[in-house]
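In structure tokens, the next block holds one chain alone, the form predicted on its own.
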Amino acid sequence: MKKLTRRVGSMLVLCALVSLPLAGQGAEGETPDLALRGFGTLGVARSDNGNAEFVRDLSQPNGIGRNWSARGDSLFGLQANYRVADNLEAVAQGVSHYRYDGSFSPELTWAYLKFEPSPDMMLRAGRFGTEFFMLADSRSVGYSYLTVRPPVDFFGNLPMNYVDGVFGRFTRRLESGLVRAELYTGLAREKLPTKGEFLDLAGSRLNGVSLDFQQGPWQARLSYAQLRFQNGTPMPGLTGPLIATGLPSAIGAAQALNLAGTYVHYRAFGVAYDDGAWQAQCDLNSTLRDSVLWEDLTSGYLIVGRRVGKWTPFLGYSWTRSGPKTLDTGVPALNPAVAGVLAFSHQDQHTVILGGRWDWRHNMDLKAQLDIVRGSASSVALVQNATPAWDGHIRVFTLALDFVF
């Protein structure tokens, strides 16, 4: 608890130190071509099950246990926008959050030039946020969405926050609505924890396309993305013995466990509604993975909230399912170890989300949320450090303060 207090206190001091200079710059008439903004979340959470740790997404090496912790949802970000010309803008964003290596080291998440040759066209070049699903590019800004965190059953399988490449957005009016198409391509740069090792995504090619339709309070989004792994998963303790047997079947199994050159395909469809009082969002996703190492999955969620003054109670439901994959090494003594590795990606759970949001002052909110997760004992992909006593059931209570400035 002392570590939690120190961490939250340090973030509050940092927020104060950053906010004061920004306010001063505005008072002194800083050039309007430069805009500085900030955002953050101070969140604490605990669970009722000590046999596994609840994580926000697959990028986190450790999660939430029975003791209160601020690491899962707390973060702080700064963004600078500089208007170079009427149709050219430079954008940079840095975020400090809980990373794959267990640190909160600041990370450059956006760094791009934005060119708008016309009101209907926008181009970016550099580092920008991933936009697989609705909310995906604003996952760090807790104030921008209703719940404490995007539903883990759905967004937990999307640990990539940015890509280095080019992005194009094209908008056309259609009767009383807007149709928007987005295309992007680039290289991933982040790392992921994989059961004691790190999977380096550097150089992995990411391509994507999406189509949005917006009319009044309604928005619909259809998207597809494809990731090609550049590097393999380091598993010398398993692939080494397989290759050492000299058997073609075992060598083939070792090659099948290598992610390099394999693809992941994301297909999603989402609908959102927001009339200022009622808010609702629903997303469905299918993820297909060429590698035998990770299972294919389907997931979805529905969240509904009703704003009454400054209060917005909300209710949600999310789920994720994956199908098992098998790999015969031809060496009976090694098959159990391989099966154990393949089982690490299994998902079979659903979550009921209950909570409320209080917009108690301008650009700040307080949230309280209860996640009730029910799954099978074999559903271990979205938790960390599961013990043999893990039964797939966990409840997580979270309190969070979100702010933007």
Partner chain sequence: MVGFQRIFFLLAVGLLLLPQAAVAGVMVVVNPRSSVDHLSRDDVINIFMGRFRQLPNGLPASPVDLPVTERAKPEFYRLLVGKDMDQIAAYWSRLVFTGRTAPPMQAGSVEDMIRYLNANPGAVGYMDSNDVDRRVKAVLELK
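Please read these numbers as outputs of a predicted model, since none were measured by experiment. Residue numbers count along the first chain shown, from 1.
Another form, the form predicted together with the partner chain, is not on view; read the next lines as being about it.
**Q** Heavy atom to heavy atom, is Ala280 within 4.5 Å of the partner chain in the predicted complex?
**A** Ala280 lies outside the contact set for the partner chain.
**Q** Ala260 near the partner chain in the predicted complex, any heavy atom under 4.5 Å?
**A** Result no; Ala260 lies far from the partner chain in the predicted complex.
**Q** Taking any heavy atom pair closer than or equal to 4.5 Å as contact, tell me whether Leu399 reaches the partner chain in the predicted complex.
**A** Taking the distances in the predicted complex, the answer for Leu399 is no, it never comes within 4.5 Å of the partner chain.
**Q** Mark Gly252 yes when one of its heavy atoms lies within 4.5 Å of a heavy atom of the partner chain in the predicted complex, and no otherwise.
**A** Result no; Gly252 lies far from the partner chain in the predicted complex.
**Q** Does the partner chain come within 4.5 Å of a heavy atom in each of Pro106, Asp200 and Ser223 in the predicted complex?
**A** Per the other structure, none of Pro106, Asp200 and Ser223 touch the partner chain.
**Q** Just to be sure I understand the contacts: of Arg289, Arg228, Arg307, Arg189, which is the one whose heavy atoms reach within 4.5 angstroms of the partner chain in the predicted complex?
**A** So the residue touching the partner chain in the predicted complex, by this definition, is Arg307.
**Q** Of the options Ser138, Thr185, Asn87, Asn335, which one has a non-hydrogen atom that comes within 4.5 Å of the partner chain in the predicted complex?
**A** Selected option: Ser138.
**Q** Which one, 318 to 326, 243 to 251, 166 to 174, 147 to 155, holds residues whose non-hydrogen atoms are within 4.5 Å of the partner chain in the predicted complex?
**A** After filtering at 4.5 Å, what remains is 166 to 174.
**Q** So which bits of 33 to 55 sit within 4.5 Å of the partner chain in the predicted complex, heavy atoms only?
**A** Sequence-ordered list: Arg37, Gly38, Phe39.
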